[in-house]
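Encoded as structure tokens, the following chain is the form predicted alone, with no partner shown.
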Amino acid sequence: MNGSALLEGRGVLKRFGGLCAVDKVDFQVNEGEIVGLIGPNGSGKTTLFNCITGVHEVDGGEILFKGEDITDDQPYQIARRGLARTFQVIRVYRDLTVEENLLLSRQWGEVPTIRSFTRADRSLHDKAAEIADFLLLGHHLYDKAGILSGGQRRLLELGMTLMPDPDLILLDEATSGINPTLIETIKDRIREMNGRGLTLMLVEHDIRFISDLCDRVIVLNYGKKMADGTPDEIKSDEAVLEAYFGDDGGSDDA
């Protein structure tokens, strides 16, 4: 199923003062893949996601999406190209309903926020309901997001990335703080999304989650890429094991 390069980084560099958080990293995500991005605490995983999505300006190198240079694009421009993401800290609107959260995310700013609901036609309401059903949130469609559990809010956030029909989704620690039973639901939904042709890149600390889902795994350490291979290859790499399991497994600060 894996095809040509959908996302590519060439020598991506990001500094914060004297700290080199991402150090000339090369990477590639092919069409149809699920790629894991792992590494010890502070290894640069989230920073790399922020560089890819325009949250951080890069200090060197280039990033290509669908063969086009997006290095200097703004986040909204990158989103409109078909690249969506989630964040370590769940970002949903707790005072809005599940449906309203989905409708609000549908056009990535092409419609002013104040008009996002009034201009949604019936097909968009149907699409929101379909996505909610897919994520097992259909019975909460008209409930405020604030009543949902952490895992359900994570699923809603995932649904918000699906509304604009992206080509690639970056998931930043999708299982963080989630009940184990819902982790299996998230895993199942990711598989289903990939089966429908969606490409995904995952930052994750749960090695079993990564091993079960990913075609390929990229490992960062101190901002540098230290390995790139199948889950089995990564799990048998002694340098990776020493770097990864020597860490406390906390969240990625860089």
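Please read these numbers as outputs of a predicted model, since none were measured by experiment. Residues carry their position along the shown sequence, with the first being 1.
The following text describes the form predicted together with adenosine-5'-diphosphate, which does not appear among the structures shown.
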property: Region of this chain that lies against adenosine-5'-diphosphate in the predicted complex, out of 65-73, 183-191, 34-42, 224-232 [heavy atom, 4.5 Å]; result: 34-42
property: Residue 46, heavy atom within 4.5 angstroms of adenosine-5'-diphosphate in the predicted complex; result: yes
property: 4.5 Å heavy atom contact, residue 12 to adenosine-5'-diphosphate in the predicted complex; result: no
property: Close approach of residue 241 to adenosine-5'-diphosphate in the predicted complex, 4.5 Å, heavy atom; result: no
property: Residues of 203-228 having any heavy atom within 4.5 Å of adenosine-5'-diphosphate in the predicted complex, listed in sequence order; result: none
